[in-house]
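Form predicted alone, single chain, as structure tokens, below.
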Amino acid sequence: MLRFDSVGFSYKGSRAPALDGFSLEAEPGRVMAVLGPNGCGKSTALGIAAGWLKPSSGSFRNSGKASFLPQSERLAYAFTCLEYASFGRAPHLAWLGTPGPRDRELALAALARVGMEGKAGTPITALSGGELQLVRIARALAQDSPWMILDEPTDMLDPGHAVTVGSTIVALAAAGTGILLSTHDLAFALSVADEAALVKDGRVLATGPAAGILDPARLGGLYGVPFGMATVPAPLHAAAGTGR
């Protein structure tokens, strides 16, 4: 289990806390989607869950190691896609160790899961934004951790690749992996998440089954704009929640 108990966090030089009394639980084998407006504290919470940040107050506990997909990162070198995905194996290597054949095999399998095995030898600097996002997800998959923390996993992805990522997330959860993700894509959250948490001003306003929490009234209060129900084309993801 991942558990935040009244977590507070403040960035140096900031007047307002990024998190203030943030409380949330996520369970193994389930997908928890965190939604909220820009700057509400989603990325900060995920950074704490991944171990990149430490709470300023309150407590955070987890039941196992986590692989982390940050929202953004600097890429300074033209590693191939296979080399980059292999970085996910670093926690399993000895100090100053280099990936071996088995590590490369797992990295290639991770690339295949997101449809990028055909570009294993392509430099990451030659990829589109969406392609790079898929390789970054493959790196997280290659780590093979009991938890995956994903900050905006469908950012820059076309609908077809979003379905690939969503189906992979659902399959991982069905196999026992715990998934904590943030997203602005309401259709994606409804398609893959078991539970959802609505976050605003560093606090969790509501949690519960995704289908019940993500309703127009709550979303309108969360984002400050009116929501209604409309029928629009949407890609079909593997079923989450009761459909698993």
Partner chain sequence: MGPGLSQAAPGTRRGGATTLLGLALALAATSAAAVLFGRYPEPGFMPLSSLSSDPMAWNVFSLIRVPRVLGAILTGATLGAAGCAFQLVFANPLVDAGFLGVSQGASFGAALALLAGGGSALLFGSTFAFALAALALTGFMAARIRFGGAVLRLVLSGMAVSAFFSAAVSAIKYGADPTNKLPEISYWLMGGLAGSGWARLLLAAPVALLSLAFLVATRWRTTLLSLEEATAASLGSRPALERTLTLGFAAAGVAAVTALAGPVTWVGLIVPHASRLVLGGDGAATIPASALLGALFVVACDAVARGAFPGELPLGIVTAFAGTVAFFALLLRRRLPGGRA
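Residue numbers count along the first chain shown, from 1. From a predicted model like this one, the values you see are computed outputs, not experimental measurements.
Beyond the structure shown, there is the form predicted together with its partner chain, which is absent from this document and is the topic of what follows.
Engineer: Considering 165, 120, 157, 106, which brings a non-hydrogen atom within 4.5 Å of its partner chain in the predicted bound form?
Structural biologist: Of 165, 120, 157, 106, the residue with a heavy atom within 4.5 Å of its partner chain in the predicted bound form is 120.
Engineer: Hey, in the predicted bound form, does residue 139 get a heavy atom within 4.5 angstroms of its partner chain?
Structural biologist: Residue-level check for residue 139: yes, a contact with its partner chain.
Engineer: Would residue 133 sit within 4.5 Å of its partner chain in the predicted bound form, counting heavy atoms only?
Structural biologist: The answer is no: residue 133 has no heavy atom within 4.5 Å of its partner chain.
Engineer: Could you tell me if residue 188 has a non-hydrogen atom within 4.5 Å of its partner chain in the predicted bound form?
Structural biologist: Outside the cut-off, so no.
Engineer: Is it the case that residue 170, even though its partner is missing from this view, gets within 4.5 Å of its partner chain in the predicted bound form, heavy atoms only?
Structural biologist: Contact with its partner chain, no.
Engineer: Only one of these stretches, 65-73, 192-200, 171-179, 28-36, has heavy atoms within 4.5 Å of its partner chain in the predicted bound form; which one is it?
Structural biologist: Flagged stretch: 65-73.
Engineer: What residues, if any, in 86-102 have a non-hydrogen atom within 4.5 angstroms of its partner chain in the predicted bound form?
Structural biologist: Residues within 4.5 Å: 86, 87, 88, 90, 91, 93, 95, 96, 97, 98, 99.
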